[in-house]
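For reference, the chain that follows is the form predicted alone, supplied as structure tokens.
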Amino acid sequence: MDHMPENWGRPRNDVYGEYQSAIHNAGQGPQSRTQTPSITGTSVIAMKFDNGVMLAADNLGSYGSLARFTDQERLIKVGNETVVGISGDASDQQYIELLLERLLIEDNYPQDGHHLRAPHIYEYLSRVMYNRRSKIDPLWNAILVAGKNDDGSPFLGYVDLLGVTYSSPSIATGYGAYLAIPLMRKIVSEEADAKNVSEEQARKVIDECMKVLFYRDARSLDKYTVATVTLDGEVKMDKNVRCQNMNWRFAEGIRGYGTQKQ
């Protein structure tokens, strides 16, 4: 049996000429980069309160407009007292989780009693994201890092695929930057405001934001996870939370945009 693919089903050489082996031996072509993520997660929202930081993200992985996966966990506990929330490409999220796992393993080698806190993980991720951006091969994600500073105060930071970083008492990625931020800033617009907000108040606002996002964001889900990082170093993960007391009657009056009337 002839095992050479270039000889399978070949027409007669005296009619069509010799097989062009250069075609068979050609390389894979120019190196390419991801231009559009395939499986994506939508908004991650977070806000500070008097005793820590609270985050929330739904469990949907969207394949374009298809709600493909409904069990994607996008809030990741890193170490003992830090939570990382990731929106964007699911495969890049898995790569970031792998990097963080390796970072923790390496950090535990010395056994010197030191452990990574939120600011350290945040600085590491900012370097990773900017490095990949500089290679024109970005990780298509927006990341929130929550925990506490070395001085014991709440920490909340943002980094995206361009390596842009900033910190604020209330942050949201994706569609949440348009819909959730105004709701959270009603009670926490500056750092000093967080000291006057209890955990119960923060949870009420977070739940309301997730409900509004489910109303308005076509790539969201009514099942989500809420993570609470307290200044005592405790991390609480409340999973499979459902939006409550929803009312869709407002949809009866929606007739598109512009001059359309009922």
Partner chain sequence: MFRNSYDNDSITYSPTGRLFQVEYALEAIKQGSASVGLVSKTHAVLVALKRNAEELGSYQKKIIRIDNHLGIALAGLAPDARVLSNFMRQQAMSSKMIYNRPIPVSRVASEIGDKAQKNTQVYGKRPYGVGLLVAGYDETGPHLFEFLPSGTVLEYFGAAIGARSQSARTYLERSFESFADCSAEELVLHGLRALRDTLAQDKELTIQNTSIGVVGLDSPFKLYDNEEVGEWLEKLGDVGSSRGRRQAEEAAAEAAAASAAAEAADTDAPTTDAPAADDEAAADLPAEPIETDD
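Numbering follows the first chain given and starts at 1. Keep in mind that this is a model prediction, so the values were computed, not measured.
Although it is not shown, the form predicted together with the partner chain is what the next lines describe.
Looking at 173-181, 104-112, 87-95, 160-168, which lies within 4.5 angstroms of the partner chain in the predicted bound form, counting heavy atoms? Contact-bearing stretch, as computed: 104-112.
Contact with the partner chain in the predicted bound form for Lys148, defined as at least one heavy atom pair within 4.5 Å: yes or no? Outside the cut-off, so no.
Is Asp137 close to the partner chain in the predicted bound form, meaning a heavy atom pair under 4.5 Å apart or at it? Judged by the heavy-atom cut-off of 4.5 Å, Asp137 is well away from the partner chain in the predicted bound form.
Is Glu123 close enough to touch the partner chain in the predicted bound form, meaning at least one heavy atom pair within 4.5 Å? Yes, Glu123 lies within 4.5 Å of the partner chain in the predicted bound form.
Please determine whether Lys77 contacts the partner chain in the predicted bound form, using a 4.5 Å cut-off between heavy atoms. Close contact is absent here: in the predicted bound form, Lys77 is far from the partner chain, nothing within 4.5 Å, heavy atoms only.
Exactly one residue in Leu116, Leu100, Met129, Val188 has a non-hydrogen atom within 4.5 Å of the partner chain in the predicted bound form; which is it? Selected residue: Leu116.
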